[in-house]
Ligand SMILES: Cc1ncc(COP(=O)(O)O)c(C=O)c1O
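Below sits a lone chain in structure tokens, taken as the form predicted on its own.
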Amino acid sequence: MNTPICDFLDKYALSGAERLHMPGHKGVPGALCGAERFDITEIPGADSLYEACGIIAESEKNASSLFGTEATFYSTEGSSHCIRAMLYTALLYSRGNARENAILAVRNAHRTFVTAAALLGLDTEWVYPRDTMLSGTAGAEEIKNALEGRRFAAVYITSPDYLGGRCDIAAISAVCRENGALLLCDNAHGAYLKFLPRDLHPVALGADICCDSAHKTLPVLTGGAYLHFAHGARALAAHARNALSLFGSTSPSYLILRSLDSANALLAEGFKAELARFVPLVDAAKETIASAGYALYGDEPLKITVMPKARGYTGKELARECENRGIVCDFADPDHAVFMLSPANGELAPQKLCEALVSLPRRAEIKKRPPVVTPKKQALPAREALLAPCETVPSREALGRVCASPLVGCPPAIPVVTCGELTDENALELFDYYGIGNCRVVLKNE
């Protein structure tokens, strides 16, 4: 597979041209990080991300062929950029198809979804997860019941979720088609699912539009992401560049674009075979870890989410123990430690993780469990709350106050209370459990 962006950047780097254009380092190698010669702006021949008709369009077409989509578009600002564009597209769909100005979403959505929906004036109704706040595995029957009698613009799911749980996308897709609602999927953690021996990518399973954070699981620089449209969503794909341009920087990174372009060749040439060899090693590691007394969560092939309380550790304690042994996890909270693996780690990495976990002495089981998430009362329209005068207060002082916007860290960036909702006792319990010290609330009218 050709790499038109890489080829152009290589040629320009060797041209000796006097760079009387942005950026200010002028391509002088080594001045900053060693990659300056490939860091350019939209000079002639370099194409333009939101008006792509040259090398970027060609590279995106290569990506589309790899992912089996109607169209695939690049983002250099991660899946957050793509989520905003997805929701804008859903808004256009609602207005063109006599649908409600509303989205049905599983509650473990990223904070970007919450704020984007609020800014666009899209009402959100929630399906609450079966397990913890962080896991949003929702079944097709739950979605079907929530859709009954309504004409939502779209259903929004996160699959895989942050802990590695996956929804039954094919079944949910069938329910959405029957209702006439779009199925949007935040697949930030699952770009690699396309290249497994059995294709598990959301588009292949029936999602209409989805975003992938390429950088999370593929050999791509941080910020590289895809916005995918399925073959049945051709009319919506026509709005994609405009949707992305509404929310994206006018100075996209050519370093990230180069990495997305380069990844196409890697994915086409051998990534499937690498995954086929590596996934069984991760499966074997999961079996060993489980046999050592650790509970595991989720079924994402390259993610090992350990629930260590049965062995006497919190997730954060386990993360510290692993770090002391030279292993850094992706995320930890009181209940989980999340380890993300890839063939780039090398074949010894799963075994190294096993040895670290098995070496820890068994301690008394920790019985404390996370609070159950209860539905929150919507006190103000989300957009009104997000744009209202607000203040940041200690979480313990937020009881009875209206949430202005989510104030949660990333990862996992899943809000306890969303824009316009009333902060209740359950929210305070969740704030305390997950160590969320502050809350942004709407100012009271004096």
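Predicted model, so just to flag it, every value in this text is computed and none were measured. So that there is no doubt, residue numbering starts at 1 and follows the sequence shown.
Form predicted in complex with this ligand: not shown, discussed below.
Chemist: Could you tell me which stretch in 246 to 254, 265 to 273, 215 to 223, 318 to 326 has residues with non-hydrogen atoms within 4.5 Å of this ligand in the predicted complex?
Modeler: Of the options given, it is 215 to 223.
Chemist: Pick from I209, A188, V114, A85: which residue has any heavy atom within 4.5 angstroms of this ligand in the predicted complex?
Modeler: Answer to the contact question: A188.
Chemist: Considering T89, T305, S79, T72, which brings a non-hydrogen atom within 4.5 Å of this ligand in the predicted complex?
Modeler: Selected option: S79.
Chemist: Under a 4.5 Å heavy atom criterion, is F339 part of the interface with this ligand in the predicted complex?
Modeler: Contact check for F339: no, nothing within 4.5 Å of this ligand in the predicted complex.
Chemist: Counting only non-hydrogen atoms and a 4.5 angstroms cut-off, does Y192 reach this ligand in the predicted complex?
Modeler: Answer no; every heavy atom of Y192 is more than 4.5 Å from this ligand in the predicted complex.
Chemist: Quick one: is H110 in contact with this ligand in the predicted complex, heavy atoms, 4.5 Å cut-off?
Modeler: Because a heavy atom of H110 falls inside 4.5 Å of this ligand in the predicted complex, the answer is yes.
Chemist: Answer for Y162 alone: is it within 4.5 Å of this ligand in the predicted complex, judged on heavy atom distances?
Modeler: Yes, contact at 4.5 Å.
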